[in-house]
Ligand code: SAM
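Take a look at this single chain in structure tokens; it is the form predicted alone.
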Amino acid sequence: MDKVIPQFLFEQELPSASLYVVASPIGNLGDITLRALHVLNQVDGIACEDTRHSAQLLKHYDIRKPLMAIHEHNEMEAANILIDHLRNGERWAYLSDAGTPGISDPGARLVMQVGGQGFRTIPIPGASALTGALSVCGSILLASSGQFQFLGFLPNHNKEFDQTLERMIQSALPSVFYESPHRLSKTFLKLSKAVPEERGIFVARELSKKFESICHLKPSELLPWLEHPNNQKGEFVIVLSGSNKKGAEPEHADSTKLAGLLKDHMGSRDIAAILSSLFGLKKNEAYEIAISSKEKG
């Protein structure tokens, strides 16, 4: 394995008593980075979301280290065991099943506890379904000048799901979320009914794997696309384009303009009294406009 690792990586400092948060492949084993392989070879032990899953990756690259399971059900308790290893000056790595730990995967609580005890956490960047999908979604991201909002996995309960979907529809930013195969039909049904037809939906399936597919769809095309049985298999990244509706004149625009004219000559309470009288605003609304005009000035 050392023959594969460039010599300059051996010259890089690997601090002891540190946790290395290592991104792992999301499907294709070739997507592990050389730096990740070097770190995994040098640490004293490796914590894994699933030791059986990570063992396959480690076996492929002939990496033999003690393994510890740290997953969403034992993350807080197991973190204390790992911290004891760090207290002894050891180096440990953490791997989630696929992609970057802490990004819709376990790892955030572990990092929080390790950092809370004064130990370093060092990111080893690599594969991520989020960035992989965004890099090829093209016009959706271009339209927002590269800005987006990431929502992870959407809520399971209908009420919270519907509320989240409504916020996505109203947002000017593209919304990115993950979806699993057993929920895909339900999610696509809701999207097809609620999302305006002019909005674009980008679907990335099985990124980096043998049957990877990416496509741009309209809401009305989602359910027909699902009719192909293969399209219901695998893991998904979905991007909903942002709303391109031009905002209407802001509510209370005239009162805001007047507050701007008065801000250098009157106090906030006096301005609020005038706005309330002239525009029929509630006292708290008028006061917020008055305060805002002062802050902007």
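Given the structure is predicted, the values throughout are model-derived calculations rather than measurements. Residues carry their position along the shown sequence, with the first being 1.
The protein also exists as the form predicted together with the named molecule; that form is not presented, and the subsequent description refers to it.
Of the residues I26, I32, V39, M68, just one reaches the named molecule in the predicted bound form with a heavy atom at 4.5 Å or closer; this is I26. The single contact residue among S192, S144, S175, S128, judged by any heavy atom lying within 4.5 Å of the named molecule in the predicted bound form, is S128.
In plain terms, the part of the chain that comes close to the named molecule in the predicted bound form, with a heavy atom within 4.5 Å, is 177-185 out of 193-201, 177-185, 82-90, 110-118. Residue contact with the named molecule in the predicted bound form: W225 places no heavy atom within 4.5 Å of it. Mapping the unseen interface onto this chain, V237 counts among the residues with a heavy atom inside 4.5 Å of the named molecule in the predicted bound form. Although the partner is absent here, H216 is not a contact residue: none of its heavy atoms lies within 4.5 angstroms of the named molecule in the predicted bound form.
Under a 4.5 angstroms non-hydrogen atom cutoff, the named molecule in the predicted bound form lacks M168 among its neighbouring residues. Along 143-157, one residue reaches a heavy atom to within 4.5 Å of the named molecule in the predicted bound form: F153.
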